[in-house]
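One chain comes next, on its own, written out as structure tokens in the form predicted alone.
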């Protein structure tokens, strides 16, 4: 059996229920600008109550303090226009600055705006605004999701806002927040029921201490990492860049898994557990499955990270059908 990214993606692919998130994001993108802003406001009003601002260091806030203060000093109509421009991905100074932020920084940006909207310092959604029937239906759907799924949707919404830097001739370096772990994760390798592969245990250890150089070194040179609902990220340089931008402060809590040895000496594993983010701390955790493909030399060839459709999926560890 030749190990390819395509064959690795197919591992255990029939063992999980499809996630509702891609369809929800598609519905969100079809809404009017007003409905999108209203839903974002409601999302931060509800989900944002669990956000842990202590995860940010003072130096991190300084990175976007100037832009936030400029918005704070604007008139109400100007503030509303800024938010409309972000949702519409318009080419404006604020949208260009926003596009240079990392995913976590964008979450922090909207968190601060939502706080100021609640305090009356930034123009809130128009009082008495009524969502369209499509918006109201989507809002009711969002309320039925678990906290981990709501986090992923909130993240994907804010990441895709702002001016698309691909249109610009110059792509700015991403501005990143520096997170402070409220409770540092022990450096010891985790215990995962059913899993004893040293390279996999070392991966979780490295990720939980933000030691991304060590994590990347575990991958084969042509190895790939595939985050939820995204294309595979291939090669050490690209994987390292992704981890630095989006994995800082994550707490990975693998619980159990299964491992299968293939005829050529490669292995495939499925591990389920939870992930806590620095923004939501211990209040909310995402239900996650990690699908590993290890090459015959024991290097990680592929890691697929799946956001599970329900907590019940954590126990779904049926062996995969191995191609002969």
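Positions refer to the first chain, counted from 1. Computed from a predicted model, the values in this text were never measured in an experiment.
Keep in mind the form predicted together with ligand 45D is missing from the figure; the text below concerns it.
Spell out, yes or no, whether the shortest heavy atom distance between residue 272 and ligand 45D in the model of the complex is within 4.5 Å.
Contact with ligand 45D, no.
Is there a non-hydrogen atom of residue 277 within 4.5 angstroms of a non-hydrogen atom of ligand 45D in the model of the complex?
Judged by the heavy-atom cut-off of 4.5 Å, residue 277 is in contact with ligand 45D in the model of the complex.
May I ask you to state whether residue 152 is within 4.5 Å of ligand 45D in the model of the complex, using heavy atom distances?
Yes - in the model of the complex, heavy atoms of residue 152 and ligand 45D come within 4.5 Å of each other.
Might residue 305 be said to contact ligand 45D in the model of the complex, defining contact as any heavy atom within 4.5 Å?
Residue 305 belongs to the contact set for ligand 45D.
When ligand 45D is placed as it is in the model of the complex, which of 104 to 112, 73 to 81, 194 to 202, 134 to 142 ends up with heavy atoms within 4.5 Å of it?
It is the stretch 104 to 112.
Heavy atom within 4.5 Å of ligand 45D in the model of the complex - the one residue of 234, 214, 121, 125 that qualifies:
Filtering the options by heavy-atom distance leaves 125.
Spell it out for me: taking ligand 45D in the model of the complex, does every residue among 21, 223 and 241 have a heavy atom no farther than 4.5 Å from it?
Judged in the model of the complex, none of 21, 223 and 241 sits within 4.5 Å of ligand 45D.
Taking only heavy atoms into account, state which residues of 222 to 257 are within 4.5 Å of ligand 45D in the model of the complex, ordered by sequence.
Residues within 4.5 Å: 225, 227, 228, 242, 246, 247, 250, 252.
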